[in-house]
Ligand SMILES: Nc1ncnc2c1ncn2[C@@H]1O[C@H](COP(=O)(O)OP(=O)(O)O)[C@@H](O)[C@H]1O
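Below, in C-alpha cells: the form predicted on its own, a single chain.
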Amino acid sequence: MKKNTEKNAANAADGVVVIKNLTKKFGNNIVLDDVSLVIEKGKTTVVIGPSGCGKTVLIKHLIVLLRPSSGEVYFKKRRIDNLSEYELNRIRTHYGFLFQSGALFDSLSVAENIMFPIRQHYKITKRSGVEELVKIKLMMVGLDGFQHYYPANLSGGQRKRVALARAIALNPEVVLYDEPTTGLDPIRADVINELILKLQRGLGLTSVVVTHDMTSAYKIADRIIMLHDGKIIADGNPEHIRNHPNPVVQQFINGRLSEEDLAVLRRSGVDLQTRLTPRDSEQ
C-alpha cells in the first residue's frame, strides 16, 4: 500500500485525473473503499478485477456520473466532484465515454449518432462543417461511407467502432472505455485494441479502460491496476502484473478458481442427482 501511495505522489504532477481517498457506498454496501489514484496524461491505464469489484463505478466517478460518498475527484488540478451539473457540462466536453453496449440511438443514423454530442454542446450553424467532422471521425475508425446506415444494419464490431467515433466527436483529452471488447470475437476485439492504441499514440489521448480481457489488457496498457473488495491490490506495468506475487491477482489473470471454490463446485449436489428427479415432485 505504501508503494502505491509513493507512486501516486510521484506522478501527481502528471495526473490529468486524480482521485483522493474515494469511498462509494450504495446503502450499507461499500463498493470503493478509500481509493486514491493518479491517471497519467497520455497513458493508457487498464482497470481489471472480478465482476462486482467496482471497476465501472470507479470510471463513472472520473467523469462524475456518480458522486463519491466521501473523497475528491480532480480534473487538471480542479476539483470537479462538488460542481453543479451545469458546471460539469463543460468539464465533460473534455471526456469521451465508450459504453459497454455502445449505447447507440437506434432511431438515429450513424452520422446523427456522432453528431449528437456536438449538438448537445454547440450551436451548429454550418452543417457542411459538422458533416466533414463526422467523416473524419469515421475515417479514424475505418467506417467512412457508413454515415447513412442505422445501428440495426451494423455488426457488433461496427457498432462499437461507431460508438468510439462518437466518443471522440468533441476531441476529448480523456477517453473512458467500459469493457470495449465484450461480446466480440477475437479478431473484432483486436480491431478495437488497435484503435485504442491508434488514438492514444496518434492523438496523445489519455485512456482508462475497464476490461476482463487480459489479452487486450496486456496489449494496450501502459499501466494495469487491479481492484478487489473495493481496494487497489496491484498496480504496475503489464510485466509486473504478469508476475505479481499476490495469489488473488494470479487467479484472476490466469482465469483459475481457488482450491476452495473448486472443492465446493465439485461436491455440490452431484451425488443427489440420481436420487431425485422432477417426476418425484408430481402428486
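In this text, residue numbers run from 1 along the sequence as written. The shown structure was predicted, so the numbers you read here are calculated from the model rather than taken from an experiment.
What comes next is about the form predicted in complex with this ligand, which is not displayed.
Asker: Should residue 61 be counted as a contact of this ligand in the model of the complex, where contact means heavy atoms within 4.5 Å?
Answerer: Answer no; every heavy atom of residue 61 is more than 4.5 Å from this ligand in the model of the complex.
Asker: Can any non-hydrogen atom of residue 42 be found within 4.5 angstroms of this ligand in the model of the complex?
Answerer: Flag for residue 42 set to no.
Asker: Within a 4.5 Å heavy atom cut-off, is residue 214 in contact with this ligand in the model of the complex?
Answerer: Residue 214: no contact with this ligand in the model of the complex.
Asker: Contact between residue 29 and this ligand in the model of the complex at 4.5 Å, heavy atoms?
Answerer: Looking in the model of the complex, residue contacts with this ligand include residue 29, since a heavy atom lies within 4.5 Å.
Asker: When this ligand is placed as it is in the model of the complex, which of 231 to 239, 245 to 253, 47 to 55, 217 to 225 ends up with heavy atoms within 4.5 Å of it?
Answerer: That would be 47 to 55.
Asker: Looking at this ligand in the model of the complex, which residues in 63 to 94 have at least one heavy atom within 4.5 Å of it?
Answerer: None of them.
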